[in-house]
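Given as structure tokens, the chain that follows is alone and in the form predicted alone.
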């Protein structure tokens, strides 16, 4: 594999064939978010390095797999206008509609500009108070599990928490009203069913009546509780002064529900597992959390000043980025160094394997939060670490997600110790297996032993 430090136009050209495309495997393969692609990339990224070409039987244009930070910067920032959303987003669109994850061009730019103020630090600080209450409420049921010597299904627990946090951030008090009207949480199945197949998509899209009903009610009454739905309803285009249509509101709310839920839930699932395997990291984390104001009355500024806690989260995201593969499509011909990118080429960027390149991350399989310490020199290359994508289309909710995850650890980790005990739960397997679908998940729930911190 080529080292990034040794890259030069000559070395790029040496890797390219007569067509100017980079070298690649002879095997035909259709790249997508599936187990076969994950296994193939595990072989090919170490062998071919920064950029390689894969041909397939059912795609006319070549696929380029890119894992060089300079090339990624060019695609996602410097020349991002040349790269539209690529293959694979059809499945996402089926679930989410045409929200900012899926949309492109002027439509995306308009929606992003309208939504961005809602994700300001001040707004998220206000929303964090509900997060505080939601995490405090977990102590009771977690304590009962610890008292009885049971294990906790941390995967399902984090999925339920993540869904509750994002729903209350979007709907605030209307969530309880909806649960009462519907005889239960109509969105609750999203925390239990992670298949995201066509049946799930249909069931989720059928909830449009709930969202649009709340929009109509707020318009009729003039009520604007502080939440994302109100912020979206009141957002205005800077040029025309127009607000979002009902369809645009629905698609953006759906996007927030799915993306906001799954990112944090999946990451916290891995955080608890990794802490259970690395007691020295856990000890340092607890030492930092002990410096917070006693009790639960720490301020938002204190929460966001938890530097080592943030490092733990970033290192978890390095090892297990929620979206492990995403794509772009070249509108016009371009170049990456000396390599030619034909118009129409499919571009695939894989954070999971980028984050494990030894040229960029020494001893890449080791869980080491110190990689992200502010004192680190040189600092982490921002285009070598892209768990939330990067550039113009970086995830709009990344800051919200960090606030949510830091709040959870600050309120739960000092009270409970979780330990991975292979085979402790009936039906559990010895090894944790990955499920590389659209989101990177564990194939099976992780069950952890749970005890109170103040007991031996």
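The structure displayed is predicted, hence computed values, not measured ones. Positions refer to the first chain, counted from 1.
The form predicted together with a small molecule is left out here; the points below concern that form.
**Q** Each of 89, 396 and 400 within 4.5 Å of the small molecule in the predicted complex, by any heavy atom, yes or no?
**A** Yes.
**Q** Looking at 58 to 66, 408 to 416, 28 to 36, 387 to 395, which lies within 4.5 angstroms of the small molecule in the predicted complex, counting heavy atoms?
**A** Selected range: 387 to 395.
**Q** Tell me, yes or no, whether residue 119 is in contact with the small molecule in the predicted complex, where a contact means a heavy atom of each within 4.5 Å.
**A** Yes, residue 119 sits close enough to the small molecule in the predicted complex that at least one of its heavy atoms falls within 4.5 Å.
**Q** My question is simply whether residue 263 lines the interface with the small molecule in the predicted complex - judged by any non-hydrogen atom within 4.5 Å.
**A** The answer is yes: residue 263 has a heavy atom within 4.5 Å of the small molecule.
**Q** Counting only non-hydrogen atoms and a 4.5 angstroms cut-off, does residue 139 reach the small molecule in the predicted complex?
**A** No, no contact at 4.5 Å.
**Q** Evaluate residue 259 for contact with the small molecule in the predicted complex, applying a 4.5 angstroms cut-off between non-hydrogen atoms, and reply yes or no.
**A** Yes - in the predicted complex, heavy atoms of residue 259 and the small molecule come within 4.5 Å of each other.
**Q** Just to be sure I understand the contacts: of 187, 83, 108, 298, which is the one whose heavy atoms reach within 4.5 angstroms of the small molecule in the predicted complex?
**A** Exactly one residue meets the criterion: 108.
**Q** Which listed residue (255, 269, 316, 350) meets the criterion of a heavy atom within 4.5 Å of the small molecule in the predicted complex?
**A** Spelling it out, the residue with a heavy atom inside the cut-off is 255.
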